[in-house]
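One chain comes next, on its own, written as structure tokens: the form predicted alone.
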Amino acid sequence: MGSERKRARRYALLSGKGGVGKSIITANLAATLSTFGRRILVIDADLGLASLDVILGITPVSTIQESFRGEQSIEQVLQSTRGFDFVPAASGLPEGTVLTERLTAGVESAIAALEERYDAILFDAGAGIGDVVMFFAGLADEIMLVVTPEPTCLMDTYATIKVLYHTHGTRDFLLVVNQSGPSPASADAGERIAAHLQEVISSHFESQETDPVRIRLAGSIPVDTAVKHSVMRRRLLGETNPDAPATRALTRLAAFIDAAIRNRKTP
């Protein structure tokens, strides 16, 4: 009796506010996971303000919105770059900001058509807690929250956790602390931020004793000028500066995710 094919592990990368480096982390994480031999699909899930194509330095021929409208098949939209596959989205289209039946059906159809080819799918969702963001969060097996040490960002992250808990019953969150401080102290800074968020959650969630909400630190990315240089050149960190502290931190993050993919259970 043959073993059942394990479906792709789905990760939704979210942030309570914009400008925290979520899309940069998504792109670099996908490329690094591919060097580990993982088959990775990235979907630009920021359907109103897509930017992954800019970060990757590519010009999409078509976007996922065109597949929603029946103008292109999802196969025609799919692009390969940096060792992984990518479904781009358009920017500046109001239709991407409103959760509609066509949008939900289109996304679910695209995932169903593609996912058995991959080990993991990364949804690079928009910032905030809008309906489209929550939809992609609901499709994910894991929520990966990208934060910076700024107090406003941490407050927005707490609010995002609260909404996800009440909307989807999400209790386990992965945390990536970006710009966590200078290397090598950034790892300790990330631990402190994760512990602080956990303390706030434990203090304010009434269900913590019987139904705890948990934060797990997946990675800490230090402040590194190499990141800005790679973005300005529309290249990835592994291409522009493979020995930079941020590059090494992203490799550790990829190793964390790779281990989770390897140990995942068949749904």
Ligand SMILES: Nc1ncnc2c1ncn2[C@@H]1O[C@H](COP(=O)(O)OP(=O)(O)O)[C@@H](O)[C@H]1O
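This is a predicted model, so every value here is computed, not measured. The first residue of the sequence shown is number 1, and the count goes up from there.
Another form, the form predicted together with the ligand, is not on view; read the next lines as being about it.
**Student:** Pick from 195-203, 215-223, 59-67, 32-40: which stretch has non-hydrogen atoms within 4.5 Å of the ligand in the model of the complex?
**Tutor:** Among the candidates, contact is made by 215-223.
**Student:** Residue 24 versus the ligand, in the model of the complex: is there a non-hydrogen atom within 4.5 Å?
**Tutor:** It does: once the ligand is placed as it appears in the model of the complex, residue 24 has a heavy atom within 4.5 Å of it.
**Student:** Going by a heavy atom distance of 4.5 Å, is residue 253 a contact of the ligand in the model of the complex?
**Tutor:** Outside the cut-off, so no.
**Student:** May I ask you to check whether residue 233 falls inside a 4.5 Å heavy atom distance of the ligand in the model of the complex?
**Tutor:** Outside the cut-off, so no.
**Student:** Within a 4.5 Å heavy atom cut-off, is residue 178 in contact with the ligand in the model of the complex?
**Tutor:** Taking the distances in the model of the complex, the answer for residue 178 is yes, it comes within 4.5 Å of the ligand.
**Student:** If you look in the model of the complex, which residues in 140-170 sit within 4.5 Å of the ligand (heavy atoms)?
**Tutor:** Counting only heavy atoms within 4.5 Å of the ligand in the model of the complex, no residue of 140-170 makes contact.
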